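Just the one chain here, the form predicted alone, laid out as structure tokens.
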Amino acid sequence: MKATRIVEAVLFASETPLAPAEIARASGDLSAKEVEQAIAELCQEYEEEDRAFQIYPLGDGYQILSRPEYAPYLERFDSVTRTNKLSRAALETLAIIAYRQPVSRLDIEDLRGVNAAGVLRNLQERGLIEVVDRAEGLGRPLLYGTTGRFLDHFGLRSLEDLPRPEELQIALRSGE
């Protein structure tokens, strides 16, 4: 069996991103390096054939996803899995955590000016943030950080893929 087709089948069947080493377990003949080469070939093939899907690097792995330009067509079907939209409060809180992690609830509330307990609980339930440590200060407050699922949700490979703070002002102004 051809390596590219094995990799394609595994990625197609998976609901979550898979690392090359995980994909390689599908066949005793595949190495992680061969999986990465097969992924590169598949990406090129999908691009050349203008497919409606692509292999995206997410976190430490890869996943086959529909291209963003097809979202309006997919939204018309109840059977298509949708990511639940995040509220403005959740997005603000996530941004603070992503850029300042590890960060305490009190620091988040100081920046946002409102209570963040409910939003933090919701983000934890969604698996987008987690408790990563405790601060040394009075009461040893919990410190929050983002998760691998956060990276997957926003299509990021790592936190370095986040826009730099100086780029945010430009992006926000152009969206007005």
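Worth saying up front: this structure is predicted, and the values here are computed from it rather than measured. In case it trips you up, residue 1 is the first one in the sequence shown, and so on. For the two forms, the rigid core is made up of the largest set of C-alpha atoms that agree within 1.5 Å on superposition.
One more form of this protein exists, namely the form predicted together with a further copy of the same chain; it is left out here, but the text below deals with it.
Just to confirm, with a 4.5 Å cut-off on non-hydrogen atoms, which of A40, A32, V132, L65 contacts a further copy of the same chain in the model of the complex?
Partner contact (heavy atom, 4.5 Å) among the options: L65.
So, in the model of the complex, is A26 in contact with a further copy of the same chain at a 4.5 angstroms heavy atom limit?
Yes - in the model of the complex, heavy atoms of A26 and a further copy of the same chain come within 4.5 Å of each other.
With the cut-off set at 4.5 Å between non-hydrogen atoms, does E36 touch a further copy of the same chain in the model of the complex?
Close contact is absent here: in the model of the complex, E36 is far from a further copy of the same chain, nothing within 4.5 Å, heavy atoms only.
Would you give me the residues of 1-36 that have any heavy atom within 4.5 Å of a further copy of the same chain in the model of the complex, in order from first to last?
Stretch hits, in order: M1, R5, I6, E8, A9, V10, F12, A13, S14, E15, T16, L18, E22, I23, R25, A26, S27, G28.
Would the C-alpha of L58 be classed as shifted by 2 Å or more between the shown form and the other one after rigid-core alignment?
After core superposition, the displacement of the L58 C-alpha between the shown form and the other one stays below 2 Å, so no.
Please check if S27 moves between the shown form and the other one, taking a CA shift of 2 Å or more relative to the superposed core as movement.
Superposed on the core, S27 moves its C-alpha 2 Å or more between the shown form and the other one.
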